[in-house]
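One chain follows as structure tokens, the form predicted alone.
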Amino acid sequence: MNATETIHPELGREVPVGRIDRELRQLWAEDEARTNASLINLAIYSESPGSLEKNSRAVQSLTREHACRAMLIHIDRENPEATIRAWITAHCHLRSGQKSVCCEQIAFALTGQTKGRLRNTVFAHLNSDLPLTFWWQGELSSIFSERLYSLVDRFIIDSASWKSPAASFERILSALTDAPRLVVQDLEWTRTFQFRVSVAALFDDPVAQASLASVRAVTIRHHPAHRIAALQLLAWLATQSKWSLGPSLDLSDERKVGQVEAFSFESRGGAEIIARLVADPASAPLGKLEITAGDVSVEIDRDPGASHLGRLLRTPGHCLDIPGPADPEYAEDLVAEQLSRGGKNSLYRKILPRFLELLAEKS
């Protein structure tokens, strides 16, 4: 995007950056039936062309349930000319069929080197009384630095899109060390939520609980674009079960018939556990989790696009088959789930070391 490009009207009224606050007050004065509502600042950052319009539509959806002051940020760092443009609008939704409850949106298009403009100009328009949730889209760039994340309360990423995930996660880990209060929420981790809930639900069964020490095999089928989600699900299983990572495995024969990754673990009792990740282009983001413990098997599966999970526990003479909800597939719906749950995401911090071990082993 450059300074002369036409912006879609859904971004609202273009205003001088120095007049944003005044123009927002005028926006509310124009319609007394509107009620301004905000519980958080929500900033959405992207360096992809066309992101402002796309993210405006995402905010329209998100504000149905989550009142916020939304700030859309697009930066074209390849354009050498330093410019900044801004637009304001409001996303309104009827409550009880009467008064409109509205959330403010400010969209910024920047070109050139940002230097201090992101913090000193864009962030100057945050509602200072509210926490900041920052949704970063795409690869981490040089913009992701202490000057940015020191201002953020909740940082949302989608590591599925990263070309060099190991290096990017090292930067995330460094940020968590520098800013202990920072909450990082990865949409790949969110995609595992209902699988994790399902494992806990099935292992509530006394027969399954008794078999936990006998787990010898784990298989996770996933879409190739969501390998990180599969690795994070496996890291969760290993961390919660206190499995230690074993020696690397050679699955050259299996790789001839499909994209398979294998990991060896050692249980607390010293038994070997083999875990396989199978990439399948026909799979849902996470398509199947199978855990085998002697003659007990637990299976959780999801068809592409399905709104529910199949959840199955099999033992000799005993079978439990109970469906469960599936996680959303669209990014804005996953973000809405994260905003609804809140919390400090301490479990994600807990599994990160094991996840990084798994990621490094196959990098």
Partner chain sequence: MSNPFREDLVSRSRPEPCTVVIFGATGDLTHRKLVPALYNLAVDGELPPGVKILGFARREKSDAEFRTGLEEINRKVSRSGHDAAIWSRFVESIHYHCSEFTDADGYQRLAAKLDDIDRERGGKGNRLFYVASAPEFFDDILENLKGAGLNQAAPGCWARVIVEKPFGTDLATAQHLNQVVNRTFEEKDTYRIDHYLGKETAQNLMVLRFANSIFEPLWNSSHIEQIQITCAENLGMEGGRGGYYDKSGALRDMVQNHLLQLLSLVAMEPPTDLSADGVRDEKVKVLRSLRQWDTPEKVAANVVRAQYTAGHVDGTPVPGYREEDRVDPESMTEAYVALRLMIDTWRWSGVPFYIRMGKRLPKKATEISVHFKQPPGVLFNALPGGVPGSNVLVIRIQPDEGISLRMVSKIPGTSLRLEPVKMDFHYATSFGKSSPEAYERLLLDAMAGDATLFARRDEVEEAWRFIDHIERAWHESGESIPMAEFDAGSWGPKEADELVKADGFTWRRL
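Numbering follows the first chain given and starts at 1. Just so you know, these numbers come straight off a predicted model, no measurement behind them.
Although it is not shown, the form predicted in complex with its partner chain is what the next lines describe.
- This chain is drawn without its partner chain; in the model of the complex, the residue among Gly294, Gly50, Gly305, Pro325 with a heavy atom within 4.5 Å of it is Pro325.
- Though its partner chain is absent from this view, in the model of the complex it lies within 4.5 Å of a heavy atom of just one residue from Ile157, Ala229, Ala275, Val199, which is Val199.
- With its partner chain omitted here, the record of contacts in the model of the complex names 210 to 218 of 106 to 114, 77 to 85, 179 to 187, 210 to 218, defined by a heavy atom within 4.5 Å.
- Residue contact check for Phe203: one or more of its heavy atoms lie within 4.5 Å of its partner chain in the model of the complex.
- Using a 4.5 Å cutoff between non-hydrogen atoms, Phe263 does not count as a contact of its partner chain in the model of the complex.
- Contact annotation: Glu65 falls within 4.5 Å of its partner chain in the model of the complex, judged by heavy atom distances.
- In the model of the complex, none of the heavy atoms of Ala284 sits within 4.5 Å of a heavy atom of its partner chain.
- Contact annotation for 221 to 243: residues with any non-hydrogen atom within 4.5 angstroms of its partner chain in the model of the complex are Trp236, Leu237, Gln240, Ser241, listed in sequence order.
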